[in-house]
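The chain below stands alone, shown as structure tokens; this is the form predicted on its own.
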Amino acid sequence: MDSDPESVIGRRGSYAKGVARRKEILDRAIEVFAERGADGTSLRRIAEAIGVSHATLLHYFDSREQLLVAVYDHAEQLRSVTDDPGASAVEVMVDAATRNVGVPGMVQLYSTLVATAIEEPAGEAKDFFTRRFDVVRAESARRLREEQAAGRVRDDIDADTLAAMLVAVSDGLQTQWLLDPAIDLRETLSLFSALLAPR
């Protein structure tokens, strides 16, 4: 479940070469953040870590925040290729969370960006995550309605409410996992299915 795949954060570049270069920068940045997390690194240090000049990074991104949001968005779009359209809402969330913890730096990046979105009254992170949560909740609610209609999920609670709860459980467990990796994220999140079972 992702943000709009047509949206572009930062600048694409004028020609196909520029688009390819921007993608190359984001691919490399994903590798760097997967290894190190965001950890307050300046835009200049990020440029050094991914092997480009500070000026090149500024050609595509106006700020550190814009780059970090673009990196997270790009990583989500790459992962969306593997989403199973027939999976349940809980299965989709479990799969996404499991993939997230496979690259701890990306979970940390996500948490950092959500915190920024909450703290800043306006900005790239706030706009991106407001839209992202809308999309994730809507897609989860759509799946849940289908499951309710098929009798696999309880229908005494509104699907939109269940979707918001599912997102909250997933995000909360991933935050706890950052603090204590001993938490079995997959098993714990999977138990949410039992709470959704028809009564």
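Since the model is a prediction, treat every value here as computed from it, not as a measurement. Quick note: we count residues from 1 along the sequence shown, nothing fancier.
What comes next is about the form predicted in complex with the DNA, which does not appear here.
Partner proximity in the predicted complex: R145 to the DNA, non-hydrogen atom cutoff 4.5 Å: It does not: once the DNA is placed as it appears in the predicted complex, R145 has no heavy atom within 4.5 Å of it.
Looking at the partner-bound form in the predicted complex, is R44 within 4.5 Å of the DNA by any heavy atom? Result yes; R44 sits at the interface with the DNA in the predicted complex.
Does the 4.5 Å heavy atom contact test between H59 and the DNA in the predicted complex come out positive? Yes, H59 lies within 4.5 Å of the DNA in the predicted complex.
Can any non-hydrogen atom of R28 be found within 4.5 angstroms of the DNA in the predicted complex? Judged by the heavy-atom cut-off of 4.5 Å, R28 is well away from the DNA in the predicted complex.
Considering the DNA in the predicted complex, find the one stretch among 63 to 71, 152 to 160, 135 to 143, 167 to 175 with heavy atoms no farther than 4.5 Å from it. The contacting stretch is 63 to 71.
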